[in-house]
Each structure stands twice: as structure tokens, then as C-alpha cells.
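Before any questions on how it binds or moves, here is one chain, the form predicted alone, in C-alpha cells.
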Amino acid sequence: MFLKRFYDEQLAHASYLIGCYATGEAMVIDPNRSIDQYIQAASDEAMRIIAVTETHIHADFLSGSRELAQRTESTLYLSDEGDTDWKYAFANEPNVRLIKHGDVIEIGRIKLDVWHTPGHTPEHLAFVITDQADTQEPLGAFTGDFIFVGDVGRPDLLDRVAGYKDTMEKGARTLYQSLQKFTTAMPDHLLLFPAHGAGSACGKALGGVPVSVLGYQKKVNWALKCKTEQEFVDGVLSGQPEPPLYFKEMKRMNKVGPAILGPLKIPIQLLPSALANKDAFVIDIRPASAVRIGFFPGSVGVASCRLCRSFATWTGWHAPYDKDIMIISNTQEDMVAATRSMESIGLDHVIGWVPFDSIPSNQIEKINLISVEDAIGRNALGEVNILDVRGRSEYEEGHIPGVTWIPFGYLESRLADIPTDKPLVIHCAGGNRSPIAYTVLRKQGFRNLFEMSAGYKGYLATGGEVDRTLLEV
């Protein structure tokens, strides 16, 4: 048996290619849209992809399953579990085979038993793999967003991003029951191959180890150590990170059928005058340090994927799906990498890019910087307001007393909550998100802005007072 793991650092997403050397047949599980990597890897092993599948309707990236199956003329296996709201809209395409709990997929001498593992989502599946060339004992399981290393899938996303109401507790109890059934039935030696790792918003405590063993997870994974269902429900529904706003769009697009990208295209270079197009979304992908020195008002500054692992997620908080996108970049190479990254979350409408050096200097602004000491001193005198744009868990762990708290991804939807009676000082943890927040608010017409680029870490270094007041649920 052949097994290869692919990992997207930005999305903390893992996908897998498995193959049988005896027959030369292979299968891909949970592919992203960079489908050439799977085709090349199979070719390198003298294998051909005959099957593609996914564990569930993903929320954090746009699936490559549909396009990969079409390109390789493979069978696409999709879940037929869950209610009518969780059925694939493209299930009637000729290469699609719907599968349920108890079904078996065979790739040469490799067997995958299909397990229905609801809770994270109603249609979620896990695939238990057996290498029949060696034994009839299962080797491992591709667990998707069911069991992670150190964590389990979150059951709150249907309420928080998919528009459902009052599903969180029911989903948590369903997930607990799924875990009990699966962990009781499976041997402790079972290898676990999850679909996400550390840094993913699909859980709150994902580990960085790429693979684990069920028996070990029973000893160290908080969720598998819970003694009662209520203990699990309380634990899994608390402390979850804010899900990026684009998750809702990913659910919709993955359900109706991701668009087929086809051959990769390189966006054209545009004249600076193109930036005057008010109907387009402009993203500046240069480093935060460069944006501070000068940026085009009306652009949103998010350091590119070659410079920031969170580029796709942070872009997904702000970029619209119903507008054309233009990129400001230092180089074409960075622009192409950013375009590919945006395609991974379905932002396909990049119409071109503008070299930053080509923009006239009279159209450029600098970010107004302020030191921690100056910001805190002026705040004490009532001369400024301070805006904390970190996440909820960060804020509750400790924050500057008296600040306004709005996570940077929610700024556009909460403009009315931002104080405007005094100059506004923006900070995050250490200066990566605050330039995004600054440019977002500048785009929205705010002018009297400052960035405390040293962030909360800089404030802690001064020994300032820390407020740990918890927010109301």
C-alpha cells in the first residue's frame, strides 16, 4: 500500500493519496483545488487515480473533489447521510456514487469501510482503511473533522456560519454519541489521519502532530477523556475560535458544486488608474512593514501567503465573493501565489494586479503609528479610544482596561460600535492583524486612526494593568 499526506500550511488542511501497488489503482481523500499535485504524485508511483472522496461538506476550503474526479475520469464517492439540507446538489452527475454507513470502497487490495460519524456535520463520514494484502485488521482511519490530534470537530458551525438555529447542543450530543460508538468499536492501534492540524478554525485545540493512534488519543485528547455526555457538551461548546465569515460561502459552494477551475491563468498587469474602479475589491499583499510605510487608500492590506501563513483565512474574512478582485503587489511571483491561495477558498475573480511602485506617490498614505506608552498615556487622559481587534479567547485571557473589543474580521459588520468621538488607536497581539484593521477602517472612511504596532505583547512588556473580565456568552 502507498499513502501520501498533502498539507496546506495556510488552511492547516490535510488530504491523502492512497494506492495499491499490486493493481496501480489510487484514491484521493479530501482534496483541495490544487489537483495537479495529486495527479503528479500518483504518476510518480506509476498509479492512476480511479476514485475521489471527501469526509463531509467542508467549510474552510473549497473542495477539489469534483474537478479532480472529472479530470481523472474517476468515481466520486459522496456522503448520502444527513437530512435533505445536507445532500450534494451535484449528486446526479454521472461519475458520482452516493455512499452510506456500512458501504465498502475497494482500491485494488485496499478496503475502506464507510462510517457515518455525525456531529460536526450531519453527513460526516470517516473511512476505516484495511490493507488486505497483509491482514484483515484495520490499519487506520481518515477521520476528517471527526477526531483530530488533541481535539474533535466543532458542532457549533451550523449555527454560527450556516444560518441554522439551536443546533449546537444537539450537534454536540450527536458528536459525543458518534465518538462513543467509534472508539468502542475500533482497536487502540488504529492510526488516525485527520483533515486538519494546528491553526485550523475547525477546532480549538488541534495538535501539530500529523498522525496519532486511537489508544494514545484516549489518554490525552480532552474530548475522549470526558466521563459524561454533559461534560463533553460543555467542553466542546466553550472556547471555540470565531469562524471566518467565508465559512458560510464555502458550505454553500461545496454543497452546490465547486466551479471547475481548468488550466491555471495568470492575472494581467493593470495600470494604477484601474484602482479607481469602486466596484472592485483591492487587496494589498505586501508585508505589513511595507503597508505601514505606504498604502493605497481603499485597499485592504493582508500580507501574502509567501509571507503570512494566515493569508487565505484573513482574506476570507474581508474579500467579497460577488466582486472582482485586484491585487497590489511588489512582484508578479507574490501575486500569482496569492491568487492561487485565494482560489483555495473560492475567490476566483482576480482580474489583474498593479505593481505598488507604479502607483503615483500622491495617491499613497502612511499608517499613523503610535507607541504603547503614548497610546496608554493619551488614553488615561481621555484623549484617544483604543480598539482591540484580537479574538475572543485572546481578549478574555487579558486585555487593556477600558478598550473597545471587536475582532478584526467583524469590523465591517460592526462599524456602528466603533467610537468616533476621539482618535482611534488600533492594536492586535503583535502587529500582524492591526494593519488589516487599519486599512479596513480607512477603506470605510475612518480618518483619525493610529496603529499601536507593538500590540498587546508590547503593552504587557510595560507592566501595565491587565483586565481579565470575561464576556457574556
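Residues carry their position along the shown sequence, with the first being 1. These numbers come from a predicted model, not from an experiment.
Unshown form predicted together with a further copy of the same chain; subsequent notes refer to it.
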Handout entry: Contact label in the model of the complex: D357 to a further copy of the same chain, heavy atom within 4.5 Å
Key = yes
Problem - Interface membership of F90, a further copy of the same chain in the model of the complex, 4.5 Å heavy atom rule - result: no
Practice task
Determine whether any heavy atom of E45 comes within 4.5 Å of a heavy atom of a further copy of the same chain in the model of the complex, and answer yes or no.
Solution key: yes
Exercise for the section: Find out whether any non-hydrogen atom of P210 is located within 4.5 angstroms of a further copy of the same chain in the model of the complex, and reply yes or no. Expected result: yes
Completion exercise
Interface check vs a further copy of the same chain in the model of the complex: of L264, V104, L245, V256, the one with a heavy atom inside 4.5 Å is L264
Handout entry: Contacting member of I293, A185, V96, I364, with respect to a further copy of the same chain in the model of the complex [4.5 Å, heavy atom]
Key = I293
Practice task
Could you tell me which stretch in 314-322, 153-161, 393-401, 69-77 has residues with non-hydrogen atoms within 4.5 Å of a further copy of the same chain in the model of the complex?
Solution key: 69-77
Exercise for the section: Would you mind checking 17-34 for residues with a heavy atom within 4.5 Å of a further copy of the same chain in the model of the complex? Expected result: Y21
